[in-house]
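Only one chain is included here, represented as structure tokens and corresponding to the form predicted on its own.
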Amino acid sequence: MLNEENLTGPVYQIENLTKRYGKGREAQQERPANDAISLQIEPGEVFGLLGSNGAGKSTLIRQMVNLVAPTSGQVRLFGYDIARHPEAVARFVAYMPQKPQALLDLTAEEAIYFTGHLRGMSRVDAKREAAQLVEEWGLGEVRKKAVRHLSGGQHRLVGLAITLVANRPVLILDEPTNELDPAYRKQVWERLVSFNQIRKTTIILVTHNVQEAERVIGRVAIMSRGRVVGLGRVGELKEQIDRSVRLELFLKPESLTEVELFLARLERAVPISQGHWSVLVPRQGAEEAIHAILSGVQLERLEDFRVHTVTLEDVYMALTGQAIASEETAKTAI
């Protein structure tokens, strides 16, 4: 029997977790989706998993909710080995996948209601909470509409409401603000912060949206090519490069080749997208360094340039050598 009354210790303990897809020699030849990952998540944290598509975030999450068996390593949830106690995940965790496939033929309100009831709420309580969540997330107009017929953004909001119903102690959200407009994204982040602060809910966010997530995440694991390459509080990680400023360059299309050849020779210069580069410049002597770069590039070859203080995205680029949007995409299985 699981003891729900006295949950102590870390929420998650992940030790040397590795996942290889395929079998035999094929699996050994392919880069692992996750490679010897170890980390610990504490009660009440808002913990972020940050990385590009293909970094291994979703594979890690699917192992944490026992949907994918690891090739090696162990996942413990409140001390329970989830391979031996899979019921622990159902009891303690609410998981919002990136592309929900269940409950599509139910109406929005039914999907929330039945999830609450299946999680142990009485019919009366589940019905009341479903109605409340419908109102809170602005789903009144589609409450009687089948989930499969909702727009991408509406589907996402229903998924969030389903995750929140019945107040599980751990929420795992895979790209929760995908397909939402800015107003709803702001509402999502504010609601999650409120849940964390008032209910002490542990929240694990999987995202590649660095700028938005940075406002709510306490600690973060930065993932690249199946490995954790950075782990710590956001402020601690930013301190590693806090003696720098970021110079962003937007190149004119006709100048791409020449300017990119020049930028590629600079230390800590990273392409973000076509015609868009970032260069980390030391704070000491920054004015002279930026002047030298702009002189080398030549201002007439630029559409725009900007100077910023460092962000979590700069930490990512410093640790991986790539922009979060441009890291090589791995296999679809990841």
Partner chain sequence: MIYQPVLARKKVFVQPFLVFWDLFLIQLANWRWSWQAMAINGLIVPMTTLYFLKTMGTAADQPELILSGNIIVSLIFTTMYGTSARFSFMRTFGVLDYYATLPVPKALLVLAVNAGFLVLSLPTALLTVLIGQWFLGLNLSLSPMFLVLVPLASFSLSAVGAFVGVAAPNFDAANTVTAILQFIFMGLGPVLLPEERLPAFAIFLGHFLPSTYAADALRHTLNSTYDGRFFLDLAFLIIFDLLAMVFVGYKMEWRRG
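Predicted model, so just to flag it, every value in this text is computed and none were measured. Positions refer to the first chain, counted from 1.
Missing here is the form predicted in complex with its partner chain; even so, the following discussion is about that form.
Checking 109-117, 214-222, 133-141, 253-261 against its partner chain in the predicted bound form, the stretch whose residues place heavy atoms within 4.5 Å of it is 109-117.
The closest heavy atom approach of P70 to its partner chain in the predicted bound form falls within 4.5 Å. At a distance threshold of 4.5 angstroms between non-hydrogen atoms, A83 is in contact with its partner chain in the predicted bound form. Looking at G230, you'd find every heavy atom of it more than 4.5 angstroms from its partner chain in the predicted bound form. Of the heavy atoms in Q240, none are within 4.5 Å of its partner chain in the predicted bound form. Interface residue among L180, V193, L150, M121 relative to its partner chain in the predicted bound form, by the heavy atom within 4.5 Å criterion: M121. When its partner chain is considered in the predicted bound form, only one residue from R91, K186, K127, H155 comes within 4.5 Å through any heavy atom, namely R91.
Contact residues in stretch 147-169 (any heavy atom within 4.5 Å of its partner chain, taken in the predicted bound form) are I162, A166, N167, R168, P169.
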